[in-house]
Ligand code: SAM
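Just the one chain here, the form predicted on its own, laid out as structure tokens.
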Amino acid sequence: MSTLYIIGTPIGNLEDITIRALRVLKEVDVILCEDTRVTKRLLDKYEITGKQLLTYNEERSGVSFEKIIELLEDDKKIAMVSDAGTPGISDPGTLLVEEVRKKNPKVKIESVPGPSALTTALSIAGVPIHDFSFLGFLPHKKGRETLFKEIAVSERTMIFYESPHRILKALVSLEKFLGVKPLKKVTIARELTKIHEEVKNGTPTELLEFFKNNPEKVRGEFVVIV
């Protein structure tokens, strides 16, 4: 039976790969990658060779849905990975899984769980996480302000991802909409699982001042927890 494996891969430290994930990557015929160069570094570290690597992302660049369906119909075993973390969690993957389930429901779709920046950050943040909402990457423009307003009034923990290009703007928006609410604290996790992993918390104003005074730390992807 053809199988599509959805594999979580390291978000930074390449040692954060499961034994099962390595076994599956060795067994499959094709590996769908967000960026083949990134995936090849992981494969090289664990001496996994001879695999057909195909680029895939949700913008339909690289291999098409049709080609992937065709490979699965030929009883190929396919693994899908993103550059870092779990496919489908603010990474390519969701549309492919949906398309495969629609076009060929006989294909077995199997999850090989692994790292996620979301759960990694929450596990070390020290904030209430019994009830939270995950917003992924916030939109660049349309709807962005509305989301910050929702974050400001929410009674549950709110989490989103942000890039180094917009983290300062995000903190400005949090400062604007959270104001001086004493119970609203912000935690920022950056460079998770890497050498310079760091978790900072405080008010939006305090964090904004910190990153403005330490521009060298405005690097990598950020997990923001309110």
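Keep in mind that this is a model prediction, so the values were computed, not measured. The numbering used is simple: start at 1 and walk along the sequence shown.
Omitted from view is the form predicted together with S-adenosylmethionine, to which the following refers.
Enquirer: Can you pick the one in I151, L71, V100, L118 that has a heavy atom within 4.5 Å of S-adenosylmethionine in the model of the complex?
Expert: So the residue touching S-adenosylmethionine in the model of the complex, by this definition, is L118.
Enquirer: Counting non-hydrogen atoms within 4.5 angstroms of S-adenosylmethionine in the model of the complex, say which of F177, F65, Y161, Y46 makes the cut.
Expert: Of the listed residues, the single hit is Y161.
Enquirer: Out of the stretches listed (86 to 94, 72 to 80, 141 to 149, 100 to 108), which one is close to S-adenosylmethionine in the model of the complex, meaning heavy atoms within 4.5 Å?
Expert: The contacting stretch here is 86 to 94.
Enquirer: At the 4.5 Å heavy atom threshold, is A170 in contact with S-adenosylmethionine in the model of the complex?
Expert: Heavy-atom contact with S-adenosylmethionine at 4.5 Å: absent for A170.
Enquirer: May I ask you to state whether C33 is within 4.5 Å of S-adenosylmethionine in the model of the complex, using heavy atom distances?
Expert: Outside the cut-off, so no.
Enquirer: F132 versus S-adenosylmethionine, in the model of the complex: is there a non-hydrogen atom within 4.5 Å?
Expert: Taking the distances in the model of the complex, the answer for F132 is no, it never comes within 4.5 Å of S-adenosylmethionine.
Enquirer: Heavy atoms within 4.5 Å of S-adenosylmethionine in the model of the complex: does F222 have any?
Expert: Yes, contact at 4.5 Å.
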